[in-house]
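Have a look below at one chain only, the form predicted alone, in structure tokens format.
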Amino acid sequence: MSNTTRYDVTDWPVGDAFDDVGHVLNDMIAHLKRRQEEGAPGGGKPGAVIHIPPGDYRLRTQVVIDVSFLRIEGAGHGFASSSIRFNVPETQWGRLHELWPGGSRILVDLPRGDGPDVEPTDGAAFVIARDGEPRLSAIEFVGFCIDGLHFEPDGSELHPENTYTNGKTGIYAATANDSVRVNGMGFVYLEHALVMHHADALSIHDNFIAECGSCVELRGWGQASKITDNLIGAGFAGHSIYAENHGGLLVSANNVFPRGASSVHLRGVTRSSVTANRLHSFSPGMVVLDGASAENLVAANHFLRDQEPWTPFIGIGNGRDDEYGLLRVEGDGNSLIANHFSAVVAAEDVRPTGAKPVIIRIVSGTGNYVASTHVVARDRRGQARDDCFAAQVDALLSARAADDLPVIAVLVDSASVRNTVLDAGTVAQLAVDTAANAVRPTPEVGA
């Protein structure tokens, strides 16, 4: 048997990688498992690297990874905006330099299952799963693009390519795993880009994950993982970053694009950090800590809430009104420190009509600490445009004079007590019961 530790999908003797790279990858994994059964002189299990050269590789067969110590690598993440292309009239496609994402590109061409028997893994290009002990470990995805190709009609009036639904997933970890790495990847036009169950020491770093229904989902439970230095942007009904029942999670230095229903949503997450992220949203509920999330640090993040400037998505939101809060907390002992908020919303578009938008809202729990918050709120509506790039850049760079927008910087609901709020808003900007919470308003100029 060959003792190779490096595979290339373009020269494997079984299958045709360009017609069905899934078939080829599964055969390589089977070969690696046979080699691992032979063992190594030191008693270890040899690993392997599978290389995907630049090119387009159709995936008609789901890849099941049930072996540890495997690295699948390409020659570039290959991300390019499919959303922009699909919203350009087809008559203009001829003048575009590229029509599709590129690099080392996997074209997910799995059939969409329907009916009650469909499993969550059915539409996944890559499934990580193995029963028994120990957990799968040291699986790496590096430097290639997973492309869902098209979205599909969902019964709404939206253009089919703007629905963010197609039943496809990029990578789905169904069983417990340790030290999985997803680095330098591109994910585009997938209903779910990355879904990880029961992850320990997971690293999601330096990826481009955008134009997907949901981007990063940490499900079940997990610990000591990190989501760092990514460019991320989900669809209007999905999560950009979501984690549940995790401890010791680090979410840092991510640039989160608008349009997702949330930027960061933590449910039942404890003793974790959300720090130094740039977060942008067209809707309230940018960062949500719920499900009794406790003892988390949310610090030094830049929040920008403005309004959708790109014509195809005008009027589409996440269904939350402006009293929901940009940063919403349900839990105990969380620290919300030194965050900057820019809220740029036309007063006439605030919902409910006549309300003041809420920046930080503590809904329930005790012992939360809010300090050194800076809120810049402007009453201004951007100009809607058909050119996505120009519209969003113009909106971002427009900091010209506008009227102040009255806001509630911190709202503490009656169900939450014994919180501390320091220098997080003027007296007029705080809606906090001073008998049940410790409060020191921000001094006002000239007061």
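Remember, it's a predicted structure, so these values are computed and weren't measured experimentally. Don't overthink the numbering: it's just position in the shown sequence, from 1.
Although it is not shown, the form predicted in complex with a further copy of the same chain is what the next lines describe.
*Asks:* Ok, 278, 320, 159, 112: which has a heavy atom sitting within 4.5 Å of a further copy of the same chain in the predicted complex?
*Replies:* Answer to the contact question: 278.
*Asks:* Tell me, out of 199, 360, 125, 188, which residue has a non-hydrogen atom within 4.5 angstroms of a further copy of the same chain in the predicted complex.
*Replies:* None of the others qualify; the residue that does is 199.
*Asks:* Closest heavy atom of residue 56 to a further copy of the same chain in the predicted complex, within 4.5 Å or not?
*Replies:* Contact with a further copy of the same chain, yes.
*Asks:* So in the predicted complex, does residue 213 come within 4.5 Å of a further copy of the same chain, heavy atom to heavy atom?
*Replies:* Judged by the heavy-atom cut-off of 4.5 Å, residue 213 is well away from a further copy of the same chain in the predicted complex.
*Asks:* In the predicted complex, does residue 299 have a heavy atom within 4.5 Å of a further copy of the same chain?
*Replies:* Contact with a further copy of the same chain, yes.
*Asks:* Does the 4.5 Å heavy atom contact test between residue 96 and a further copy of the same chain in the predicted complex come out positive?
*Replies:* Residue 96: yes, in contact with a further copy of the same chain in the predicted complex.
*Asks:* Please tell me whether the candidate spot formed by 34, 218 and 259 is one where all three residues come within 4.5 Å of a further copy of the same chain in the predicted complex (heavy atoms).
*Replies:* Contact check failed for every one of 34, 218 and 259.
*Asks:* Heavy atoms, 4.5 Å, a further copy of the same chain in the predicted complex: which of 188-196, 347-355, 364-372, 235-243 makes the cut? Say which one.
*Replies:* Contact criterion met by 364-372 only.
*Asks:* Could you list the residues in 405-444 that come within 4.5 Å of a further copy of the same chain in the predicted complex, counting only heavy atoms and keeping sequence order?
*Replies:* If the 4.5 Å heavy-atom criterion is applied to a further copy of the same chain in the predicted complex, 405-444 yields 418, 420, 422, 423, 434, 435, 436, 437, 438, 440, 442, 443, 444.
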